[in-house]
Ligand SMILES: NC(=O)c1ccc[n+]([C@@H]2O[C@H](COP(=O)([O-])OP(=O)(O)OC[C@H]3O[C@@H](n4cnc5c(N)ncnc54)[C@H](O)[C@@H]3O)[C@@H](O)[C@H]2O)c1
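This document starts with one chain, in the form predicted on its own, laid out as C-alpha cells.
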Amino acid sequence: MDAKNVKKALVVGAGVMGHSIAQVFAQAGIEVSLVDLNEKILEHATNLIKSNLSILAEFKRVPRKEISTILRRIHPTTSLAEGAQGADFAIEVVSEVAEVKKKVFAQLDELCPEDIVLASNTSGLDIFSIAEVKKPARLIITHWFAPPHIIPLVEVVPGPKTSGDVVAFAKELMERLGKRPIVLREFVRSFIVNRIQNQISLAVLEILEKGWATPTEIDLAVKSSLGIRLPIVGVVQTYDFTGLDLVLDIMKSYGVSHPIFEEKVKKGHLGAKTSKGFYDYGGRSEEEILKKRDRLYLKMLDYLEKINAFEPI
C-alpha cells in the first residue's frame, strides 16, 4: 500500500465538497471518477470545477494551459459500479445522513477490492459504527475543509480497527495532493477544527439572541482581533503570549481551573516571558520572541487592510 502508486480515485458525491475534492485529485495528476445519482448535479459540478480552476490560474496556483488536461482527468458518472472500476482509493462525500452513508459503504465494500482504502469526509457522524464493511481495518476518515481546492488542512482520523498502514497511507496520499494532514490519535466527533468552531458558534448565537451586538459588529470584532492573530499564533500558542499564569488567574476568577495550566505554572513555564510554555522558544529572550511575533502581526494587518478584508464581502 503506497500512496505514490495511486493512479485513480473514486469520489462519491458531487456536491459542495465532492466536486472540489475530485478537482484536487485531478490537479495532482490522478484520474478520478466523480459519482452522483443526479446528472444535473454532475453537470453543475463540472461547471464549478472549471470556475475553480480559472480562479486558481488567476492566482498562479495552476498553470492556465493545464486546465484542459486537469478537466480530462475527471470522469463524471451516475454509475457507482463504473466509477469504482480500477479505483485505488475511494472517498464518500454524500449527505450527512447515517442511512445514506451506510448504503454507500455497503456498495463500496462490494465493488472495491479488499486492499483499497475506503474513506469518509464526515466529521459529525461516527462512520466506524455506521459503515458495515468486511474489512474495517481499511476504513478511515479524511476530513477536508471548504473549499477543498484552497484550504490546505485535512484531518486524518482512524477508527478503533483502522490499521496503522492505512493511517500512514492516507497521510501520505494527502501530502501527495499538496495538503497538510494532521492525524488524530483516536476518533472523537468533530475532531479539532469543528470542535473549536462549534464552541465559537454557540457563543455567537448567544450574543445574537441576547442582542448584545449585531452580526456585522460581531464579524468586525473577530476580523479585527482574532483574524489578525490566529493565522500567526493559532489558538494554543496564544496562551503563551498572554502568559499561562495570567490565564490561570483569569480562570480562577471565573471559579474554574485546569491541571494543564496549574502544572506548567508550577514549573515556571509561563510562556514567552520565560521562553517556555506550551511551546519551547529555545532560550530566546521575551524581547526577541515578541519582535518576531509583532513583525508577523504587522505584515498580516498591512495585507488585510490592503485587500479591504475588514469590509463585508
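One-based numbering along the sequence shown. Just so we're clear, the structure is a prediction, and the values are computed from it rather than from any experiment.
Keep in mind that the form predicted together with the ligand is missing from the display, and what follows is about it.
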Heavy atom within 4.5 Å of the ligand in the model of the complex, from candidates 173, 157, 93, 119, belongs to 93
Considering 184, 71, 100, 133, which brings a non-hydrogen atom within 4.5 Å of the ligand in the model of the complex? 100
Report yes if any heavy atom of residue 24 sits within 4.5 Å of a heavy atom of the ligand in the model of the complex; otherwise report no. no
is_contact(residue 251, the ligand) in the model of the complex, heavy atom dist at most 4.5 Å: no
Does any heavy atom of residue 84 come within 4.5 Å of a heavy atom of the ligand in the model of the complex? no
Spell out, yes or no, whether the shortest heavy atom distance between residue 236 and the ligand in the model of the complex is within 4.5 Å. no
With the ligand left out here, work out from 215 to 223, 163 to 171, 100 to 108, 228 to 236 which stretch has heavy atoms within 4.5 Å of it in the model of the complex. 100 to 108
Using the arrangement in the model of the complex, list in sequence order the residues of 1 to 29 with any heavy atom within 4.5 angstroms of the ligand. 12, 13, 14, 15, 16, 17, 18
